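We begin with a single chain expressed as structure tokens, specifically the form predicted on its own.
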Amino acid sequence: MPEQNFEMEHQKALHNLKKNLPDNEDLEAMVNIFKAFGDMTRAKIIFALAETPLSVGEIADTLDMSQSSISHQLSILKGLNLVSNARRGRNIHYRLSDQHIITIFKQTQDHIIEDENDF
């Protein structure tokens, strides 16, 4: 009997599979975000911005990189709506657009730690 229930549930899931998959436009947006996450400098910027809003100069100093390099990376992150900016006095400060971004990073970090503890 349990095998029959499995088969019925499996067939039901298989029937719903196509309609439950994200459409190509959403998948493309997701893939582009993961591509952005795949760059070490952008990952460092995301971790830094998870702590506090920062200006380009502050990020550059923190990461020991040039301001132009940081500006280029921020432009990519901003284009994907992963960071936003606001003028504060003479400086523009960048911050994460929302907490989902750092949640993805923290879950990935937890996954790595969990895998390391399995050995």
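One-based numbering along the sequence shown. Rigid core here is just the name for the largest C-alpha set that superposes within 1.5 Å across the two forms. Please read these numbers as outputs of a predicted model, since none were measured by experiment.
There is another form of the same protein, the form predicted together with another copy of the chain; it is not shown, and what comes next is about it.
**Q** Does at least one non-hydrogen atom of Ala86 fall within 4.5 angstroms of another copy of the chain in the predicted complex?
**A** No, no contact at 4.5 Å.
**Q** Would you classify His72 as touching another copy of the chain in the predicted complex, given a 4.5 Å non-hydrogen atom cut-off?
**A** It does not: once another copy of the chain is placed as it appears in the predicted complex, His72 has no heavy atom within 4.5 Å of it.
**Q** Answer with yes or no whether Ile92 is in contact with another copy of the chain in the predicted complex, where contact means some heavy atom within 4.5 Å.
**A** No, Ile92 sits far enough from another copy of the chain in the predicted complex that none of its heavy atoms falls within 4.5 Å.
**Q** Please tell me whether any heavy atom belonging to Ile112 falls inside 4.5 Å of a heavy atom of another copy of the chain, as the geometry stands in the predicted complex.
**A** So Ile112 counts as contacting another copy of the chain.
**Q** Between 28 to 52 and another copy of the chain in the predicted complex, list the residues on our side with a heavy atom within 4.5 Å.
**A** Heavy-atom contacts to another copy of the chain in the predicted complex: Glu28, Ala29, Met30, Val31, Ile33, Phe34, Lys35, Phe37, Gly38, Asp39, Met40, Ala43, Lys44, Phe47, Ala48, Glu51, Thr52.
**Q** Once everything's superposed on the core, is Arg95 shifted 2 Å or more at the Cα between the shown form and the other one?
**A** No.
**Q** Against the rigid core, is the Cα displacement of Ile104 between the shown form and the other one at least 2 Å?
**A** Shift of 2 Å or more: no.
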